[in-house]
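Next up is one chain by itself, shown in structure tokens, the form predicted alone.
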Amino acid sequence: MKGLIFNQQFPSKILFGSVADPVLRSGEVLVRIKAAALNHRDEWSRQGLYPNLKDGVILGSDGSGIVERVFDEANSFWVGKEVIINPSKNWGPNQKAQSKDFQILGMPENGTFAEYLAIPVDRLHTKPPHLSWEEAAALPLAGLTAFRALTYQGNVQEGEQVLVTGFGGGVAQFAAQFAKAKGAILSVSSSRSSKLEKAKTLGSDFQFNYLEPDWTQKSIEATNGGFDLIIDSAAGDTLSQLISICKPGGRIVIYGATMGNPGKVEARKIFWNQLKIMGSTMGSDQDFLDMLAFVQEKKIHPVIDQIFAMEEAEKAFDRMKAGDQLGKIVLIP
């Protein structure tokens, strides 16, 4: 079969070519991949910034497809089914946090950027029928991350003022859609006017350009006092800004740190305003089930930025590296 191999010796670190067919083991099924989607972890792997990198691994965490074969006869009812894949492996029994054995599909184990994937049967879920192959492939990792951050950690409530920072990426796009579907008053921030305009078409009530020096004051005025809940992927020195626009008793959920660690945090504002600052990563199997049910109930459609053939993967990776995407970038085998 053909697959997208990671190797640090390649000039571009990735190469689409012939790879060995998957060998099924007990408890696994063979999925013919119809569509797969990029995540930042794929590009970070290419840049050498992800932990536990292994040459020869097929990248890709997100995918949708059709089950072609099973190892165990007891799982034969899956054959021919249209499925979506949960890329979260070994979360463990604790809903509060992942186990030490937690992994994400696509590094260090082979992932979805190939024609076929061998995957444990308990990672399969029926594809929501209202989603195309590309939309279904776009959902798992980013949708799960956004849903847990917003609902389990953030405990979003109808009518609350919610800010999603860095709108345009996959997780932020889902967090915005989910927040709106939950009945929140939605604000987004971005440095690009085109992304803010797109957010408006998706139902965002307020949009803020975080490069403007007075954006925090504008946000406080627009929301009549600030935000009940902020979903953030950047942290860094912007954390102090988020603390300043959080209402007393508000929550800040951080699921990434693209701007690194904060240099200075005003602890007095945190304790005096009774703020909660929480971290969130991916999600449990229960989170995934709840996210899928919510997407089906609300008929949510992921925003697709662009679709590439898998042999054009380098162009897709470069688009993500440049930050040009608005929504999910999808690959087709």
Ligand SMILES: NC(=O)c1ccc[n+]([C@@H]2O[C@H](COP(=O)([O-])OP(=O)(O)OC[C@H]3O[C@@H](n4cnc5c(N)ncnc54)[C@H](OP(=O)(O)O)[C@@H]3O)[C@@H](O)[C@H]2O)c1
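Note that residue numbering follows the sequence shown and begins at 1. Values in this document were obtained by computation on a predicted structure and should not be read as measured data.
Quick note: we don't show the form predicted in complex with this ligand, though the next part is all about it.
Using a 4.5 angstroms threshold between heavy atoms, residue 238 counts as touching this ligand in the model of the complex. Using a 4.5 angstroms threshold between heavy atoms, residue 284 stays clear of this ligand in the model of the complex.
The shortest heavy atom separation between residue 162 and this ligand in the model of the complex exceeds 4.5 Å. Taking the partner from elsewhere, residue 171 is found to have a heavy atom lying within 4.5 Å of this ligand in the model of the complex. Using a 4.5 Å heavy atom cutoff, none of 27, 78 and 126 lies near this ligand in the model of the complex. The contact with this ligand in the model of the complex, taken as any heavy atom within 4.5 Å, belongs to 257 out of 202, 181, 222, 257. For the residues 187, 86, 145, 112, the 4.5 Å heavy atom test against this ligand in the model of the complex is passed only by 145. In plain terms, the part of the chain that comes close to this ligand in the model of the complex, with a heavy atom within 4.5 Å, is 191-199 out of 112-120, 245-253, 152-160, 191-199. Of all the residues from 296-333, those having a non-hydrogen atom no more than 4.5 Å from this ligand in the model of the complex are 320, 323, 325.
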